[in-house]
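This document opens with one chain alone, in structure tokens, the form predicted on its own.
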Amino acid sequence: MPDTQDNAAQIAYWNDRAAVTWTTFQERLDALFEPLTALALDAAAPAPGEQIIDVGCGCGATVLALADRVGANGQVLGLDISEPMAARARQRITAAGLTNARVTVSDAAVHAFRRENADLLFSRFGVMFFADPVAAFVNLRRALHQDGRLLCAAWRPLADNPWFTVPLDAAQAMLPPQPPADPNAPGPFALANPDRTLGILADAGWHDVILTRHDVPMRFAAAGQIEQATEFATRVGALARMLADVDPTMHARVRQAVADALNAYDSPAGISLSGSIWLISARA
């Protein structure tokens, strides 16, 4: 199994600027991902009384939803490497009065799971960040009993996700060239290549692996709220990292370019761009 420090860069990132952003925008991110969360939950089909592990649970939206579905006789363990995001999740669990859910700060790649105990391993965008994905998925499989199942949501390729590319394309002409991204490096698109993902899970010992494509609208803001949509698009994700150290004048120029691009997607239903994911299912 990999040493915990293999994921040190991700641990540092999700405990610094990313944690501030994701806790600040928690309600808006929950709303943005709600259609994708509903798809993943329905596909996972958590049942009353089940034991569930939620990998990369973030600020807790999926933990709360899973706990509601398994009921008082079930249990949900949320894992995340971000202390601030886990703290927000715990606050929400307490506020909801739940006794069947808890959140632990831990790297799921090396977490010492109780062996062969869980019914379902669930993740909404939490399994794309492993330095050694095969070893990580071997460890995750150990958490399930022999009939246990996996259901993960992961982003499909960048080109198929306008909610990422439209703001990026609007900004990149004004920003310094970025080094080419390694498609296999830990990050949002590490499981985008279906052949690679199937290979990772097969090498890790999973069975009956199926990837299903789903395309859904990602609603940045209500109709006419270009400023709110622009703030969100420039504060979350890859563009936020690119803008982190630019001067205020350049930042303002980029924001205007992004606002102009998003204006083309404003409609009475809101400011929405398409997102594309894989739902990845497998058996232990």
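None of these values were measured; they are calculated from a predicted model. For every residue, the number given is its place in the sequence shown, counted from 1.
One more form of this protein should be noted, the form predicted together with a small molecule, which is absent from this view; the next part is about it.
The contact residue chosen from 192, 79, 171, 120 relative to the small molecule in the predicted bound form is 79, the criterion being a non-hydrogen atom within 4.5 angstroms.
The small molecule is not drawn, but in the predicted bound form it has a heavy atom within 4.5 Å of residue 56. In the predicted bound form, the small molecule lies farther than 4.5 Å from every heavy atom of residue 152. Contact check for residue 108: a heavy atom falls within 4.5 Å of the small molecule in the predicted bound form.
Contact check for residue 143: no non-hydrogen atom falls within 4.5 Å of the small molecule in the predicted bound form. In plain terms, the part of the chain that comes close to the small molecule in the predicted bound form, with a heavy atom within 4.5 Å, is 128-136 out of 193-201, 160-168, 176-184, 128-136.
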